[in-house]
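The chain that follows stands alone, in the form predicted on its own, written as structure tokens.
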């Protein structure tokens, strides 16, 4: 049975969750993505039943058990790892040997069998996280909810944890709801993503839909689109500072466009192709990144283009180089409106 939030509103001091509409299919890995202060944690607390909506309805969670893992793990410091994992089973009619067997099985699955008699204060961040997940898992919940579960981990541990989550979700087939502000995490885990800003869901879709077609300028900014430009559209031509760009968009005197930096081709000669947007310009800045090189080319407007280090070396690019910037009309996202992001923790 799918989980549905229908026009859910919740006032929390000066903050307001507004008309939340979310549908999460049974067995889906749903990621709630948004900046700090957007209302992510309060939204999952509504789903988990820790908060009641002021208006609207939440369905699909009735009679279902939820395993909620917060980013600080909320482990009991006076209990060791074994006792933390076994804690929820104390309230069930189980023999000690049954509890021990369950703890041994779940601790083996998460690679913490050797930690069972350790105190919580002796654990690393990754070990605390796996202990918290094991504690929730041992109760066999119907719905798993993770609140920023990798925020305190280093890059290597984050990647390991994502792999663990993917395998665990595939094995259980349960519904997973995962809160994060990390784009890589959202892309690598989600079947579907919901983006939330200032207490409102502003876009939902698959990772491809979200990251290729953001719904507004602010979503594009948040998702890391490097080329977001203000101008106007008339007869299928976007104009900004005298530069004309072919687009698929309605006429508007105030419009934004966004072009992904990796959707732009950079070349020493004009490319013969069906792409209708091709401009020659001068390289003004170069930024070497771990994943490649960002080259800023001024064609009357500055365009940020992401290329591989090999391409950069092959073209012997330097400041002052004259290069062609080319991209397809289909690579240009047109926005006729915008939303605002507000910071703070919710």
Partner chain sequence: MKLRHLFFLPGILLLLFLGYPLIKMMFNVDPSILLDTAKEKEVINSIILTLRASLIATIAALITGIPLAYIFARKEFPGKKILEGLIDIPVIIPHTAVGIALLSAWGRHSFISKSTGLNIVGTEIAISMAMFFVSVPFLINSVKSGFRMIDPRYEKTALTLGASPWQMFYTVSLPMVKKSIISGSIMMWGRGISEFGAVIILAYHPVTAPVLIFERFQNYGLKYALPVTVIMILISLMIFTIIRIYEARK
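Think of the rigid core as the biggest set of C-alphas that the two forms share within 1.5 Å after superposition. Everything numeric in this text was worked out from a predicted model, so none of it was measured. Residue numbers count along the first chain shown, from 1.
One more form of this protein, predicted in complex with its partner chain, exists but is not displayed; see below.
**Q** Spot the stretch among 86-94, 182-190, 203-211, 255-263 with residues whose non-hydrogen atoms come within 4.5 Å of its partner chain in the predicted complex.
**A** It is the stretch 86-94.
**Q** Contact between residue 160 and its partner chain in the predicted complex at 4.5 Å, heavy atoms?
**A** Residue 160: no, not in contact with its partner chain in the predicted complex.
**Q** So in the predicted complex, does residue 294 come within 4.5 Å of its partner chain, heavy atom to heavy atom?
**A** Residue 294 lies outside the contact set for its partner chain.
**Q** At 4.5 Å between heavy atoms, is residue 65 in contact with its partner chain in the predicted complex?
**A** Answer yes; at least one heavy atom of residue 65 falls within 4.5 Å of its partner chain in the predicted complex.
**Q** Although the partner isn't part of this model, could you tell me whether residue 77 comes within 4.5 Å of its partner chain in the predicted complex, counting any heavy atom of the residue?
**A** The answer is yes: residue 77 has a heavy atom within 4.5 Å of its partner chain.
**Q** Among 241, 305 and 334, does every residue place a heavy atom within 4.5 Å of its partner chain in the predicted complex?
**A** The answer is no: none of the three residues contacts the partner (heavy atom, 4.5 Å cut-off).
**Q** In the predicted complex, which of the listed residues (143, 116, 233, 139) lies with a heavy atom within 4.5 Å of its partner chain?
**A** Contact check passes for 139.
**Q** Counting any non-hydrogen atom inside 4.5 Å, which residue from 251, 72, 270, 154 sits next to its partner chain in the predicted complex?
**A** None of the others qualify; the residue that does is 72.
**Q** Once the core is superposed between this form and the one not shown, does residue 170 show a C-alpha displacement of at least 2 Å?
**A** False for residue 170: its C-alpha shift is below 2 Å.
**Q** Superpose on the rigid core, then tell me if the C-alpha of residue 90 is displaced by 2 angstroms or more between this form and the one not shown.
**A** Yes, shifts by 2 Å or more.
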